[in-house]
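Here's a solo chain for you in structure tokens, the form predicted on its own.
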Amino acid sequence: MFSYCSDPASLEGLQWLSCYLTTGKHMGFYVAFGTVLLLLAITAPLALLFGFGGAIAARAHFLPLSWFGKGYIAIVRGVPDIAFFLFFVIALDQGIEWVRHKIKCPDWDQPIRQGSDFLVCDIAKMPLGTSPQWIHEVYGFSLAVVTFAIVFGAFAANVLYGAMSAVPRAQVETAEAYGMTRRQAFWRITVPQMWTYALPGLSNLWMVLIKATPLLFLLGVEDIVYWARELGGSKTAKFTDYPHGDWRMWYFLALLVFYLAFTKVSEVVLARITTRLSHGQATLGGEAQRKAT
């Protein structure tokens, strides 16, 4: 990065540290913070979409659809997150490869399952072995996003289901008495008001989602936990130009600061959203605002 970094052995103090912190691996470490933020930026709205769909399905009067919605919520919430993350990613990956195998290799005469091995033809693999490294990384990241969205979508569905039920029934009945259909009353009365009741639960879910991002490490994505462990471990002069002892504590301390700062910013933003949504609502927050004015 810097011109004086050409000979690391001659460096000392801050110069050594400035060169050490700008190596290629450290750039990967800094990019990994963007990976975590990107995961949150994509997963949060996707999980909310899954949750909204799950809540609507659970409230449906068509029984099979209601059973599907309630089953989705119950099953995902009931399975430990780590077990679900480890199982679902493998199942989803093998499911995609199985479908591609059936389409692209209809003449394959060997069993796909051979003991503990899952064997498909080469052109059915996802991604292909000849694909660039970035495609492998994007594919792995996409599987992680889908898995996170399904898991946290089930929790969001439970929150939204309760929030929809918390909207006073009298308001819906009044809307229907004024000539609105059930669908119109749902979209114009229930949905706008439910967010006030859902926000506390969704806020907690957002915090849990932030804390769950280190699970990316379990899914094979090179996230900040991976790099912290990789960079912080002891390095000798045989393997690097910047040898050092066990610095994992400092790297994980940096992660601690990052997560605490991020959750604090989230708390401030969520508090402002709560204040905005409570305005004019028949809730404790809305009543406090009415008395204050």
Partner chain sequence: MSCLETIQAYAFRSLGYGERLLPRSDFTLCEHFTLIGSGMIWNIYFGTLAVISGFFFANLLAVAKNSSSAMWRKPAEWFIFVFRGSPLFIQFFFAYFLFLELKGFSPILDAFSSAWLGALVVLFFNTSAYSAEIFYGALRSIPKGDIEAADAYGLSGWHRFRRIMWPTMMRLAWPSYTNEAIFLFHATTLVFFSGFPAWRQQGDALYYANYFADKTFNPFVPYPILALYFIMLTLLIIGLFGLVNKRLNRHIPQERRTKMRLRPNLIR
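Positions refer to the first chain, counted from 1. Predicted model only: the values in this text are computed from it and were never measured.
Unshown form predicted together with the partner chain; subsequent notes refer to it.
Novice: Only one of 82, 103, 170, 177 has a non-hydrogen atom within 4.5 angstroms of the partner chain in the predicted complex; which is it?
Specialist: Contact check passes for 82.
Novice: Among the candidate residues 214, 127, 140, 71, which is the single one with a non-hydrogen atom no more than 4.5 Å from the partner chain in the predicted complex?
Specialist: Exactly one listed residue reaches within 4.5 Å, namely 214.
Novice: Can you check 37-45, 22-30, 60-68, 243-251 and let me know which stretch has heavy atoms within 4.5 Å of the partner chain in the predicted complex?
Specialist: This holds for exactly one stretch, 243-251.
Novice: Contact between residue 218 and the partner chain in the predicted complex at 4.5 Å, heavy atoms?
Specialist: Looking in the predicted complex, residue contacts with the partner chain include residue 218, since a heavy atom lies within 4.5 Å.
Novice: Tell me, yes or no, whether residue 256 is in contact with the partner chain in the predicted complex, where a contact means a heavy atom of each within 4.5 Å.
Specialist: Residue 256: contacts the partner chain in the predicted complex.
Novice: Indicate whether the partner chain has at least one heavy atom within 4.5 Å of a heavy atom of residue 263 in the predicted complex.
Specialist: Residue 263: contacts the partner chain in the predicted complex.
Novice: Should residue 131 be classed as touching the partner chain in the predicted complex when contacts are defined as heavy atoms within 4.5 Å?
Specialist: No - in the predicted complex, heavy atoms of residue 131 and the partner chain never come within 4.5 Å of each other.
Novice: Has each of 147, 184 and 272 got a heavy atom lying within 4.5 angstroms of the partner chain in the predicted complex?
Specialist: Verified in the predicted complex; spot residues all out of contact, no.
Novice: Between 78-104 and the partner chain in the predicted complex, list the residues on our side with a heavy atom within 4.5 Å.
Specialist: Counting only heavy atoms within 4.5 Å of the partner chain in the predicted complex, the contacting residues of 78-104 are 78, 79, 80, 81, 82, 83, 86, 87, 90, 91, 94.
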